[in-house]
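The chain that follows stands alone, in the form predicted on its own, written as structure tokens.
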Amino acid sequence: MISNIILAGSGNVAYHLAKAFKKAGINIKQIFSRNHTSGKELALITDSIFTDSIDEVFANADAYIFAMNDEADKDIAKRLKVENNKILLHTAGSLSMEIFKQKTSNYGVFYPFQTFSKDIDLNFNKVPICIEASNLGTINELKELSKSICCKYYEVNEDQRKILHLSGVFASNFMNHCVYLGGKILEKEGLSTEMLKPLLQQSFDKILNNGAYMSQTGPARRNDLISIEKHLDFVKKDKNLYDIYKIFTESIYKTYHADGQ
């Protein structure tokens, strides 16, 4: 059973995982981070020891969880010295678990499929955890680790995880950027972005309750060419906005009017 963890990283994912582990009574022995400020802050929150030196990472933890960017995960994994029976995990959406293959026989992925920000509280029992491991024993450890923080887990292989990550980029990251662009249009014209909030709330509620396909509205959905031309005329001086509007409009149109009707 995983009861002692060393966490590599001090960014958004590491921060929320650390808080969830601590709440579950799992001991975080040490925080390794190349960022002194956030690393020391996270160590203080979790009553653990901070280090920025890979040579000072303790060798007696049950599991080592990497929550950095992909290149940092690969770099630190190569340099870390651990016993062959230790469990090494990363939390990335598009990184192979094989980065740990030369270090231990027990390795895998503990990927929380969620967007993280330090200043936004997160209820972890609503976060799906995608797990993958090198052997059955490690998979069972990851199932228990997921249960300890009250998360629903899914056994997802590397190819499936990459697809899930791509889907999340479309559904969350691109959506967020579109909201940002919508707000900038209002700000430029001296209008309050507060007016977007009820629309966003209603849109999200509809998507969650009825699904995205059934919730689609707007000029492209109803093939309102007059409105589309007016919008394109308004944004034509901004090539970025023009291209984005046109691509999304064409995609929505093809989704609902594939037969040309």
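Start at 1 with the first residue shown and count on from there. Computed from a predicted structure; not experimentally measured.
Although it is not shown, the form predicted in complex with a small molecule is what the next lines describe.
> Report yes if any heavy atom of L186 sits within 4.5 Å of a heavy atom of the small molecule in the predicted bound form; otherwise report no.
No.
> Does the small molecule come within 4.5 Å of any heavy atom of R221 in the predicted bound form?
Although the small molecule is absent here, R221 would stay clear of it in the predicted bound form, with no heavy atoms inside 4.5 Å.
> Wondering, does S215 line up within 4.5 Å of the small molecule in the predicted bound form on heavy atoms?
Residue-level check for S215: no, no contact with the small molecule.
> Is Y111 one of the residues lying within 4.5 Å of the small molecule in the predicted bound form, judged by heavy atom distances?
It does: once the small molecule is placed as it appears in the predicted bound form, Y111 has a heavy atom within 4.5 Å of it.
> Counting any heavy atom within 4.5 Å as contact, can you tell me which stretch out of 84-92, 176-184, 154-162, 140-148 lines the small molecule in the predicted bound form?
One stretch meets the cut-off, namely 84-92.
> Is the small molecule close enough to S10, N69 and T115 in the predicted bound form that each of the three has a heavy atom within 4.5 Å of it?
Yes, each of S10, N69 and T115 comes within 4.5 Å of the small molecule in the predicted bound form.
> Quick one: from K206, K29, K40, R34, grab the residue that has a heavy atom within 4.5 Å of the small molecule in the predicted bound form.
Of K206, K29, K40, R34, the residue with a heavy atom within 4.5 Å of the small molecule in the predicted bound form is R34.
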